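To begin, one chain is listed below as structure tokens, in the form predicted alone.
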Amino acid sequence: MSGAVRQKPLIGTVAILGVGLIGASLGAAIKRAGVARRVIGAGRTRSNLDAAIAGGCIDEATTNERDAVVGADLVVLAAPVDASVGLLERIVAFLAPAAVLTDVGSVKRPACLAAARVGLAARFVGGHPMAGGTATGAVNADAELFQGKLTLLTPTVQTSESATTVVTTLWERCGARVRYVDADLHDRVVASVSHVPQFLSVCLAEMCATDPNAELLGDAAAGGFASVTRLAMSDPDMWLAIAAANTEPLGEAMEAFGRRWQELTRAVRAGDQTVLRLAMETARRFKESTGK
């Protein structure tokens, strides 16, 4: 954080398992804010780990997750949501007795259940920074990515107060705002404000791509199309994992959107400007209230 007063390190060693955009950006934010004395990054691709070191995101790198977590005071699961559950099961035997764990996944219920299943419920605090982008890899890391952004934390009744304090302070010192929410409610909320927008973007871009006039559509597309379809550039594997992990909340949100879409379609066909105007005004007020 530019101009920030460097505080005493909160944590000795942080191990980040997965140094993609979010994991590497968190490492960079931790190092910039002086939150930890040492940051270790673990991943499968040596070139990405090298980029994380070169970018100042981590101090050390390894392709062995066990080596990363041994002796770590805080372990951050920054792998795709499906991989994080497996990571919990594989690393539990190598964790320090007082190590705290968190994650950054877009779906919270599976990780929270897995933590409880392997005996880590008291030390695990689910986390989800509401920040990111379509770019991937440590080469695109940004230490300022979380500045002023909301991070949702999902401690349970089994989570220790000390673990919650460590993870809360971590995010706050990295510039984020923190809010606590139940894991199930989190998954329903992000289905509407994060996951549905992704598939809406995909649907529109795919519709145009398969149209007989696709070339003309692409040539004629302007700012509005670019804004709505930006998310279609996201990593398919990541979103397939999210969809599989959040099946019910996402399916319900997509169905609710579909019902409203059909109502607006009928209003367009009927020339019902009253219904359309009310929808537009309600949408505008909501947008103005969020400031986003």
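Note that residue numbering begins at 1 and tracks the sequence as displayed. Remember, it's a predicted structure, so these values are computed and weren't measured experimentally.
There is also a form predicted together with another copy of the chain; it is not shown, and the following applies to it.
Are 213, 260 and 279 jointly within 4.5 Å of another copy of the chain in the model of the complex, each by at least one heavy atom?
The answer is yes: all three residues contact the partner (heavy atom, 4.5 Å cut-off).
Can you say which of 154-162, 105-113, 205-213, 137-145 gets within 4.5 Å of another copy of the chain in the model of the complex, counting heavy atoms only?
Of the options, only 205-213 has residues within 4.5 Å of the partner.
Going by a heavy atom distance of 4.5 Å, is residue 256 a contact of another copy of the chain in the model of the complex?
Heavy-atom contact with another copy of the chain at 4.5 Å: present for residue 256.
Should residue 179 be counted as a contact of another copy of the chain in the model of the complex, where contact means heavy atoms within 4.5 Å?
Contact with another copy of the chain, yes.
Taking another copy of the chain as it sits in the model of the complex, is residue 230 near enough to touch it, meaning that at least one heavy atom pair lies within 4.5 angstroms?
Flag for residue 230 set to yes.
How about residue 96 - does it come within 4.5 Å of another copy of the chain in the model of the complex, if we only consider non-hydrogen atoms?
Residue 96: no, not in contact with another copy of the chain in the model of the complex.
Among 92, 121, 130, 83, which has at least one heavy atom within 4.5 Å of another copy of the chain in the model of the complex?
Only one listed residue qualifies here, and that residue is 130.
Name the single residue among 49, 250, 29, 68 that comes within 4.5 Å of another copy of the chain in the model of the complex, judging by heavy atoms.
Selected option: 250.
Taking only heavy atoms into account, state which residues of 60-91 are within 4.5 Å of another copy of the chain in the model of the complex, ordered by sequence.
If the 4.5 Å heavy-atom criterion is applied to another copy of the chain in the model of the complex, 60-91 yields nothing.
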